[in-house]
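The chain below stands alone, shown as structure tokens; this is the form predicted alone.
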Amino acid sequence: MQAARAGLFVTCLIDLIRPSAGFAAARLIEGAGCTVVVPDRQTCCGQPAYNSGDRSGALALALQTVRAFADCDYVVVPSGSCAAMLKIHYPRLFANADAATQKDVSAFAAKVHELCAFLADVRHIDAVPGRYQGRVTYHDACSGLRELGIKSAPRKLLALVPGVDLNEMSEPEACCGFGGLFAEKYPGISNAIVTRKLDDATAADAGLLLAGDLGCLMNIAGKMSRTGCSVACRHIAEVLAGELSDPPIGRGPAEHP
């Protein structure tokens, strides 16, 4: 039987800032029995344009994405934010399109899955290649949690990693303060929110803070770097796949030789 074709939607931030998380995601998807496809026509999901009111720009990017993954059985996204855009907001974006286009977009949205949910709830994997000896804590990113309902999947997966000791923050579901354009429009409020998240993460006494959304991780890691916090940030895929050779997010080789 031919393996299912899983299209990896890499996301802009992973492509440009954290490629190691993309390679880790590909390794995990392959381990789940799928053939990984990375269409070279994919670009941005269109969320920045969509959120800022550029409907025509968002439509063009969305249509390109739908066509790029047309021959895939699944579309897997290592980001709750981008996955929510593809799965929930694309059908809304094309609500006034012709019937054929709406059908194509609905079919596309139905096969979109955030990475952790795909591995745990669709493919039901019972092992991962990663190993990590130490305590970690997990941040529930807003889009994955509130738009897609992803809560248990990353924790199921972390339980498969030998050596991982998951110690929850007091408020793992609290926002990190990023919110894309929100952090640019309201920097004072954003800083207050991420400060609270940093305090919570520090109190969890973990060596790593993990999440499934790179935007959150970059925001938290930036605050940690500015305050000298010793907690390191990683995309959960990096720990699950054992792809830990790169420095933690937000810290360069000079700090972690």
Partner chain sequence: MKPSSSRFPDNAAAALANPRLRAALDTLPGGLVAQRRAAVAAVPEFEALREAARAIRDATLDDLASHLEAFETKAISMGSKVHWASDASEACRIVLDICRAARARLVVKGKSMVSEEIGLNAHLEAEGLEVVESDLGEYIIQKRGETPSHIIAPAIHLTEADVAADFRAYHTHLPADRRLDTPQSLVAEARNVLRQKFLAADVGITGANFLVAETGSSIIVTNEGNGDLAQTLPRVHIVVATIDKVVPTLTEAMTLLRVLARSATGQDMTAYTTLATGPRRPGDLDGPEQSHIVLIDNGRSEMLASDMRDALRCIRCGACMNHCPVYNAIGGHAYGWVYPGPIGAVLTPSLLGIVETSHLPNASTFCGSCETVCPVKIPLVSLMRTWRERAKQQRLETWPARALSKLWISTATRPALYHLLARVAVAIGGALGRRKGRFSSLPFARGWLAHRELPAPQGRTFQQLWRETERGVPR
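Computed from a predicted model, the values in this text were never measured in an experiment. Numbering follows the first chain given and starts at 1.
This next part talks about the form predicted in complex with its partner chain, which is not shown.
Novice: Within 4.5 Å, heavy atoms only, one stretch in 142 to 150, 158 to 166, 116 to 124, 103 to 111 touches its partner chain in the predicted complex. Which?
Specialist: Looking at the partner contacts, the answer comes out as 142 to 150.
Novice: Find the only residue in V66, A32, A232, M218 having a heavy atom within 4.5 Å of its partner chain in the predicted complex.
Specialist: Residue within 4.5 Å of the partner: M218.
Novice: Within 4.5 Å, heavy atoms only: does F178 come near its partner chain in the predicted complex?
Specialist: Heavy-atom contact with its partner chain at 4.5 Å: present for F178.
Novice: Would you please decide whether P19 lies within 4.5 angstroms of its partner chain in the predicted complex, comparing each non-hydrogen atom pair?
Specialist: Residue-level check for P19: yes, a contact with its partner chain.
Novice: Hey, in the predicted complex, does D205 get a heavy atom within 4.5 angstroms of its partner chain?
Specialist: So D205 does not count as contacting its partner chain.
Novice: Mark H89 yes when one of its heavy atoms lies within 4.5 Å of a heavy atom of its partner chain in the predicted complex, and no otherwise.
Specialist: Output for H89 is yes: heavy atoms within 4.5 Å of its partner chain.
Novice: With the partner left out here, if you bring back its partner chain in the predicted complex, are A183, G188 and G250 all within 4.5 Å of it by some heavy atom?
Specialist: Yes, the whole candidate spot contacts its partner chain.
Novice: Can you name the residues of 206 to 234 that have a non-hydrogen atom within 4.5 angstroms of its partner chain in the predicted complex?
Specialist: Read in sequence order, the residues that approach its partner chain (within 4.5 Å, in the predicted complex) are M218, N219, G222, K223, S225, R226.
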